[in-house]
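Encoded as structure tokens, the following chain is the form predicted on its own, with no partner shown.
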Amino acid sequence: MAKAFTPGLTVSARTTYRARRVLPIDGSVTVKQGEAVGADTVVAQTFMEGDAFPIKVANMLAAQPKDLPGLMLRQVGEAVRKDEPIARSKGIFGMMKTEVKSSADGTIESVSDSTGMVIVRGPKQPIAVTAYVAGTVVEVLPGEGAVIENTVALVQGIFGVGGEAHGPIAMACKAASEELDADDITPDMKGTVVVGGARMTAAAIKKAKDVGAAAIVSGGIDDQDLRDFLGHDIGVAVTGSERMGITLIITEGFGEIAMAERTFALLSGHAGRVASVNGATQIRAGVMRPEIVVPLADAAAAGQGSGPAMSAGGATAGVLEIGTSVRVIRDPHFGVIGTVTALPEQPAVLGSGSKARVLEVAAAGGQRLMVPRANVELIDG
């Protein structure tokens, strides 16, 4: 049987999921192997050095750098408060003395008699890494973090912005083809992962943010609405670091496009359950997909899932063969979902006159399309 390989999105009702949760610098791990954790459980923590605040103290006192140590009111290692005097000139005949105050809370880190600079180091910043998804600790990474595993329902999206969030799933639309507008957002959706149908409007995003929703998941979004929301164009860099107060995930693409019926049915079947979401997206090397992860109620222990374990944020690459479900990801059939019915071995001449390897897709409405293999994405699950 003819086969090929293609990247794909996972839409799975049940799979084993692993989240590798690590600190950016060495720290301490706060969980043990075999321990059950919730999405908010801190698995590792550390402290990062505070900001450095250089102060030109010698210049401000009209003194020579070599005289600076003798003018200091606070010494290296001492804590200081913002606007607290840290150095004072000798003045003239003991009068008309000038003081230099600290520009920040922190600790005197260094006093230089060659540059006349004083460095105030701000307070250390605590960093905590949470489990992100409820599950079981299956591996402890000493000094770094832990690996969390659970059996989940998993949906990977096409594009997203905003970081990690979690909350119960709240269905705002009754059908996958229904547009998500402001009227569909209600005050009781505070802290929830709002699931729409087709395009999420700018008004819906604003209202969801105003009521305090954790995230919105819907089929599509208008690119101008996204630019207006972010305040800038999206480039090729990694998304997910935006601090917009809400995470957005689109499952199908840009424009007036409905959520796939299979995806909508999967999410609506878990309405009320807590989902963990992450809008981080990267479409170049090292692909990352936005995701909606729903721990299953009957999966308290790891290793009960079906198929290979999925890693957080990863994209899959699967076998493309007859009977495989795919989504067309380029015009003129963008967004069409269907089943592969043929994989011709010989390249075909496209409408542009170029040649490419193609496949035949049977769409849901019965239409059969010849599509370049590079223009489809596997729907795994």
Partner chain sequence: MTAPHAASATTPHAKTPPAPERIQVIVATDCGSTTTKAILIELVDGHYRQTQRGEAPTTVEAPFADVTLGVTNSVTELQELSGRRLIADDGTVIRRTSLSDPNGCDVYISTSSAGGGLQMMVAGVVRQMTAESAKRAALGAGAIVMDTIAANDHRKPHEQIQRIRELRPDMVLLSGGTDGGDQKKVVELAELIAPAKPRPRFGGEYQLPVIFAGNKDAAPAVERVFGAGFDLSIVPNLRPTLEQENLGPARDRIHDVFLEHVMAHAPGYDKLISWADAPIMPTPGAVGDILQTIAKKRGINALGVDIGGATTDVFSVFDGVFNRTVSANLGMSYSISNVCAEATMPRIMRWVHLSMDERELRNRVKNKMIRPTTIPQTLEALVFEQAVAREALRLSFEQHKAFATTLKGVQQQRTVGDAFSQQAGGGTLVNAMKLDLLVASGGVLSHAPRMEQTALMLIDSFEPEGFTELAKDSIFMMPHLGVLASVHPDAAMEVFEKDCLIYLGTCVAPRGQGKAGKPCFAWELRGAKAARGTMACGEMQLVPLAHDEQCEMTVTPEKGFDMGAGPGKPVTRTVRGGTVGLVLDARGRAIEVPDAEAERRATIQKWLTALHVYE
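Numbering follows the first chain given and starts at 1. For clarity, a rigid core is taken as the largest C-alpha set superposing within 1.5 Å between two forms. Source: prediction; values computed, not measured.
There is also a form predicted together with the partner chain; it is not shown, and the following applies to it.
The stretch in contact with the partner chain in the predicted bound form, judged by heavy atoms within 4.5 Å, is 46-54, chosen from 30-38, 336-344, 46-54, 66-74. Interface residue among I221, M259, V194, L248 relative to the partner chain in the predicted bound form, by the heavy atom within 4.5 Å criterion: I221. A heavy atom within 4.5 Å of the partner chain in the predicted bound form is found for exactly one of V80, V100, V140, I119: I119. Interface residue remark: A265 is not counted as part of the site for the partner chain in the predicted bound form, having no heavy atom within 4.5 Å.
Not displayed here, the partner chain is approached by R289 to within 4.5 Å at the level of heavy atoms in the predicted bound form. Interface membership of I25, defined by any non-hydrogen atom within 4.5 Å of the partner chain in the predicted bound form, is confirmed. I158 belongs to the set of residues with a heavy atom inside 4.5 Å of the partner chain in the predicted bound form. Contacts between stretch 343-362 and the partner chain, counted in the predicted bound form as any heavy atom lying within 4.5 Å, involve L350, G351, S352, G353, S354, A356, listed in sequence order.
If you fit the rigid core between this form and the one not shown, you'll see the Cα of A39 move by less than 2 angstroms. Here V111 counts as shifted, since its C-alpha moves by at least 2 Å between this form and the one not shown after the core is aligned. Annotation: Cα of S28 displaced by less than 2 Å between this form and the one not shown, core superposition.
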